[in-house]
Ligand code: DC
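First comes one chain, alone, set out as structure tokens in the form predicted on its own.
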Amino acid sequence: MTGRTLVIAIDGPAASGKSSTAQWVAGQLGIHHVDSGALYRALTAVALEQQPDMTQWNAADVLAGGARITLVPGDRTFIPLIDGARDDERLRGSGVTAGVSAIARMQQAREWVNAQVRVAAREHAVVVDGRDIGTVVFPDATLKVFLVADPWERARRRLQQRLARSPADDEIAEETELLVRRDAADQTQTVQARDAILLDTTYITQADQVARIVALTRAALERTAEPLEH
């Protein structure tokens, strides 16, 4: 592209399918995916290791732990490493899930994550997903998409992915309650950019989501008469 790298910003609440959709879009376009949430999870994992009592966390200690984290390009996705090692299972564990919102509310932690994401986008065309990607991290992104879905459907999808089976209604109800609480806690960080395209995924498949975002990207590139560069 002329003068800047392609950036597709995908925002939305927890369990709206941001990361999996962004990764799929990146694969379709042949570019890299950056999951900003994985960096918050890495910070949380290190914070838990250093201090298991979340009530004792402070921004200074969390940022100090960030020195142990590096973001490296994989085949198609940037990967956060802790002490040089990859541990996806640890980052997706229940303890990290319970604590990540507290980390994400720390302004210094947010600035650290945003800086890592911007560095990744300097050298690569990227699809970036998170909470304030289109508003704060990349306000001039080539394309901004805001994913939403009904909380019940988001809960069902999350459980189906976690359990590898169809969840029961009582399981979905419990997960829905947790997601609604998470939405309330993350409200100030989950804001739709004024120029973002709202995409309600409640009743469409993920394949349809991806196809729409890929088409929107190509249309945006056509409007600017710029080629897709990797």
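Computed from a predicted model, the values in this text were never measured in an experiment. In case it trips you up, residue 1 is the first one in the sequence shown, and so on.
We do not show the form predicted in complex with 2'-deoxycytidine-5'-monophosphate, though everything after this point is about it.
Of the candidate stretches 31-39, 161-169, 49-57, 193-201, only 31-39 has residues whose heavy atoms lie within 4.5 Å of 2'-deoxycytidine-5'-monophosphate in the model of the complex. In the model of the complex, 2'-deoxycytidine-5'-monophosphate lies farther than 4.5 Å from every heavy atom of Val145. Residue contact check for Asp132: one or more of its heavy atoms lie within 4.5 Å of 2'-deoxycytidine-5'-monophosphate in the model of the complex.
Of the heavy atoms in Ala125, none are within 4.5 Å of 2'-deoxycytidine-5'-monophosphate in the model of the complex. In the model of the complex, no heavy atom of Ala155 sits within 4.5 Å of 2'-deoxycytidine-5'-monophosphate. With the partner removed from view, the residue among Arg92, Arg118, Arg76, Arg86 that has a non-hydrogen atom within 4.5 Å of 2'-deoxycytidine-5'-monophosphate in the model of the complex turns out to be Arg92. Heavy atoms closer than or equal to 4.5 Å to 2'-deoxycytidine-5'-monophosphate in the model of the complex belong, across 80-119, to the residues Arg92, Val100, Ser101, Ala104, Arg110, ordered by sequence position.
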